[in-house]
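For this one, two forms of the same chain are given in C-alpha cells, first as structure 1 and then as structure 2.
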Structure 1
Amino acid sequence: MRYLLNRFLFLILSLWAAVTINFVLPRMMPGNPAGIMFAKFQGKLTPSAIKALEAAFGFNHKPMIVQYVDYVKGLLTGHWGLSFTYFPTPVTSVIGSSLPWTLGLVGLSTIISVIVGTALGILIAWRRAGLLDSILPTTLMFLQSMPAFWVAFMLVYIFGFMLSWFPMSHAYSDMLTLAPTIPVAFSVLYHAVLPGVTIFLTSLSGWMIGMRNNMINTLGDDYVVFAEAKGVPAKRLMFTYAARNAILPQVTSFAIALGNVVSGSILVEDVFSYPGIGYQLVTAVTNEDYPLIQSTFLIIAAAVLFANFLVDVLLVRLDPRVRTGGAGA
C-alpha cells in the first residue's frame, strides 16, 4: 500500500510538472497567439479585437501567477482555449473529434499486434532453432527497422495506387455522411486497413522477440525442467508453467503501450491524412496553432503518466516481491 501511495504522489507531481511546463513554454516564445492571428488577418483586426483575442487565448497583461491560476481553472473546467486552425472552434472540440479515430485505429492495431506477437513468441521459443525461429525474427526485425512512414508509403503505392485495392487517404468515403450506419462502418474499416497494417507490421517484432526471450529464460528454470521430468503434457508445460510466468513483462509493456496509443502514430496518420490526434498535431505545428499543440501534448503526457501508474498497480498485483518490498520493488 505504501508503494502505491508513493507512486500515486509521483503521478500527481508529474502531472503538475507537465501542466506547468505546458503553461510556461508558449509564454517564453516571442509574441503571442493574438499577434499571430493578427498577422494572418493582415491588419484587418482592430485593437479591441486584438485585446479580446489575447484574453480568449489567456495571453493578457495580468500577472503571470494570475494567468497560471486561470489556466489551471480552465483545464479543470474544460476551457482549453480556441484553435487557430479551426478558429473559433474550442480546442476540446477538435481533440474530442480526433481522439476516437486514434484510439480506434492505433488501439486496435496495438492489441492485435500484442496478441499475435505474444503467441508467435511462445511458439518459436517452444520450437526454438526450428524453421519459424530462423525466419520470423529476422524478417519482422527487418520490417521494424524501416521507418513507419516509409512502410506506409510503400503500402499506399502498391495497394492503393498500383492495385487500387484500398483507399489511399481519409477515414471514410467522402460520399458518405458520418453516422452510425452499416455502410459507414464498412467504409471506416475499409479505410483503416492500410494504416492499421502499417502499425501492425512495424510493432509486431518487438512483442514477438520480447516474448520469445522471456520464454527461453523461463524454460530453463528449475521448476519447468522438473515438471518436464515428471512427464507434464507438452501443452500444459508450455502455457501453464512457462508462458504464464514469462508473460509478466509483456503485461507491463502492454500497459505502457496503451498510454502511447493516445499519441497515435503521428507520421502514419499524416501519410494517410487520417483525422486522428497525430494528424491534428502535425497540422497544429504547421499552422503554429499553440493552443492545440499545448493541449495535445498535455493529453499525451497525461496518458503516458497514467499508463505508468497502471503498470505499478499491475506489478503490485502480479509480483509479490513488490508488495513485500523485495527485489521487484
Structure 2
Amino acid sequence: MRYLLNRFLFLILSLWAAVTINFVLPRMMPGNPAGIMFAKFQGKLTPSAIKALEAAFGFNHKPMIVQYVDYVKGLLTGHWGLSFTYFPTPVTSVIGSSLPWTLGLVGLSTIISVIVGTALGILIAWRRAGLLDSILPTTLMFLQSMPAFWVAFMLVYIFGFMLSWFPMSHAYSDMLTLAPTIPVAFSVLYHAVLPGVTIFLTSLSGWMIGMRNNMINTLGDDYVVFAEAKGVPAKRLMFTYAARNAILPQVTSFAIALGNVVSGSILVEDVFSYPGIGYQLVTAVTNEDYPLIQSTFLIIAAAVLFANFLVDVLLVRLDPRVRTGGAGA
C-alpha cells in the first residue's frame, strides 16, 4: 500500500513538473515569440479567452506567483485556450479528436511489438549461441539503429509509392466519412499497416535483447539449475521457471520505454500525415499555434505519466517483492 501511495505521489509530482515546464518555458525565452502571435489575435478574442492566454503565456504584469496560480486554475477548470490554427476551436476539442488515433496506433503496435519481442527473446536465450541467436539480434539491432522516421519514409517509398500496396498517408480514405461502419473500419486498418509496422520494427529489438539478457541471467540462477537437474522438461523449465521471473524487468523497461515510443511516433505520424497527437504537435509548432503546442505537450506527457503509473500498479500484482518492500523493489 505504501508503495502505491508513493507511486501516486510521484504521478502528481511529475504531472506538476510538466505543467510547470509549460509555464516556465515561454517566460524564459528571450523576446517571447508567443507574444507576437498573440498580438495578431488580440481583436478577435473574447475577454475571457484573452485572460486565459495572458495567464498561460505571461503577457500581463501581475506578479509571477499570481500568474502561476491563474494558469493552474485555468488548466484545472478546463480553460485550455483556443487554437490559432483551427480558430476559434478550443484546443481541448482539437486534442479530443486526435488522441484516439495515437492511442490506437501506438498502443496496438507497441503491444504487438512487446509480445513478439519477448517471445523471440525467450527463444534465442534458450537456443543460446545457435544460428538464430547470432543472426536475429544483429539484424534487429541494425533495424533499431535506423531512425524511425527514415524507416517510415523507406516503407512509404517501397510499399506505398513503388508497389502501391498500401496507402501513403492519412488514417482513412478521403472518400469515406468517419462513421462506425465496416468499410471505414477496413480503411482505418489498411491505413494503419505501414505506420504500425514502422513502430513495430523499430522497437522490436529492444524488447528482444532485453528479454534475452534477463533470461540468460535467470537461467544461471540456482533454482533453475536445480530444476534442470531434477529433470523438469525443457518447455516447462523455459516458461514456468525462467521466463516468469525474467519478464519482470521487461515490465519495468516498458514503463521507461513508453516515452521513447511516443517520441518516435511523433515523427512517424508526421511522415504519414497521420492525424494523431504527435502530428498535431508538429503542425502546431509550424503554425506557431502556442495554445495548441502547450496543450498537446501536456497531454502527451500526461498520457505517458499515467501509463507509467498503471505499469507500477500492474507490477504490484505481478511481483510480490514490490508489495512487501523486499529486495528488488
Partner chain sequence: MSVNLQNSSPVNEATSRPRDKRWNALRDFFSNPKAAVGAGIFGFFVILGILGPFIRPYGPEESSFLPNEAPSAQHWMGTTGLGQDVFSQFLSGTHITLIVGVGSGVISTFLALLIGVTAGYRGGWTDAILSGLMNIFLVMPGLALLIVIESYVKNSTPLLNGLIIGLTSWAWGARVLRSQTMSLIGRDFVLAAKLSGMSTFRIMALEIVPNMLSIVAANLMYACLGGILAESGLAFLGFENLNTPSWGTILYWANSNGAMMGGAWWWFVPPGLAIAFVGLSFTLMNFSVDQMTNPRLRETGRRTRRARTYTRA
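Between two forms, the rigid core is the largest collection of C-alphas that superpose within 1.5 Å. The structure presented is a predicted model; accordingly, all values stated were derived computationally and were not measured. Counting starts at 1 and follows the sequence of structure 1.
- Structure 1, rather than structure 2, originates from the form predicted on its own.
- Remark: the rigid segments turn against one another between the two structures, and the hinge among Gly117, Val106, Leu292, Ser98 is at Leu292.
- After fitting the larger rigid piece on its C-alpha atoms, the remaining smaller piece is found rotated by 13 degrees between the two structures.
- In the core-aligned comparison between the two structures, the Cα atom of Ala257 sits 4.3 Å away from its counterpart.
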